[in-house]
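There is one chain below, alone, in structure tokens, taken in the form predicted alone.
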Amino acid sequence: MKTLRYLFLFLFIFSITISCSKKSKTGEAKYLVGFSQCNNAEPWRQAMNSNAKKEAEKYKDLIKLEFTDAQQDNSKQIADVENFIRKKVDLLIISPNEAKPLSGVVSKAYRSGIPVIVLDRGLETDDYTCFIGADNRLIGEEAGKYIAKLLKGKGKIVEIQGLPGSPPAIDRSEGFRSIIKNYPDIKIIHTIVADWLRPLAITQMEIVLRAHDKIDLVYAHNDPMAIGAYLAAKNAGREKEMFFIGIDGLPDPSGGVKAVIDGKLEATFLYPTCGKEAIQYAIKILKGEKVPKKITLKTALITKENAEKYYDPDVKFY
């Protein structure tokens, strides 16, 4: 009887071992990573997601990515993060829609013991593991310098801003204006808000074109808005009257680099998507390695002279 009990115990342990072994062989991930995206409608953010997924494929036995789309809604993004907290994800990656509204819930996640990687847009809290992004204020300053040179210190500018309250929109505007203020003959004659979206930039630019007979340059906080402004001007037969400058520099056939090659944009500024880097640093954190609190990615000015170097016709993000 005693022997039978030992036999049953051995068979039970053996079956559990086999079960675990099979589970491991299926490649089931060890860690769940929640990725809270602020808005999947923007091509640059679709590229961020695509780059993150591509990098995560290299570690599919280690991590599983779960994405959410806040659709530019702060309340929805807060709910998305709350849900990740309830799920007890092993790590949270977030690109916040706006700084102030999202700071509280990110702090809650971090204080609950979840490592947090913040992408692209800063927060009004230090409760996160690391921030990854380029320097938006510096990009704005470089745009200002390039534009001042392009216009030879004189001209009328329309600025198209991104989502109000988002750090990139604030920094890209402040950096740009800090340079332009040194040129009294350069005037910002109209500022519009298009929430990073091309369709909204088209309709807003149509209004601006009716209001101003003379526009020398359009500075947009991202390429879709810059291209939207170009299309509105083209529809009005005025696209050759002005320059169009954007930011993002996506390398795909629908992105800003191709728009520069095609002559729609005079220039764009590369802003890395941070998706690949987010996964690379997530792996380090999950393995217990220390990472810097702030990781600043490099940017670049892209014009017709160097655009081919950044263009990749085979890339597809969306």
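Just so it is clear, the structure is predicted and the values come from calculations on it, not from any experiment. Each residue number is its position in the shown sequence, starting from 1.
In what follows, reference is made to the form predicted together with beta-D-fructofuranose (FRU), a form of this protein that is not presented.
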- Using a 4.5 Å heavy atom cut-off, indicate which stretch of 40-48, 253-261, 53-61, 282-290 touches beta-D-fructofuranose (FRU) in the predicted complex. 40-48
- Given beta-D-fructofuranose (FRU) in the predicted complex, answer whether the residues E159, Y230 and E266 all have a heavy atom inside 4.5 Å of it. no
- Might F35 be said to contact beta-D-fructofuranose (FRU) in the predicted complex, defining contact as any heavy atom within 4.5 Å? no
- Heavy atoms within 4.5 Å of beta-D-fructofuranose (FRU) in the predicted complex: does P168 have any? yes
- Message: Since only the chain is shown here, I'm wondering whether Q77 would be in contact with beta-D-fructofuranose (FRU) in the predicted complex (any heavy atom pair within 4.5 Å).
- Response: no
- Task: Please check if F244 has a heavy atom lying within 4.5 Å of any heavy atom of beta-D-fructofuranose (FRU) in the predicted complex.
- Result: no
- Item | Contacts with beta-D-fructofuranose (FRU) in the predicted complex - residues in 269-295 whose heavy atoms fall within 4.5 Å | Y271
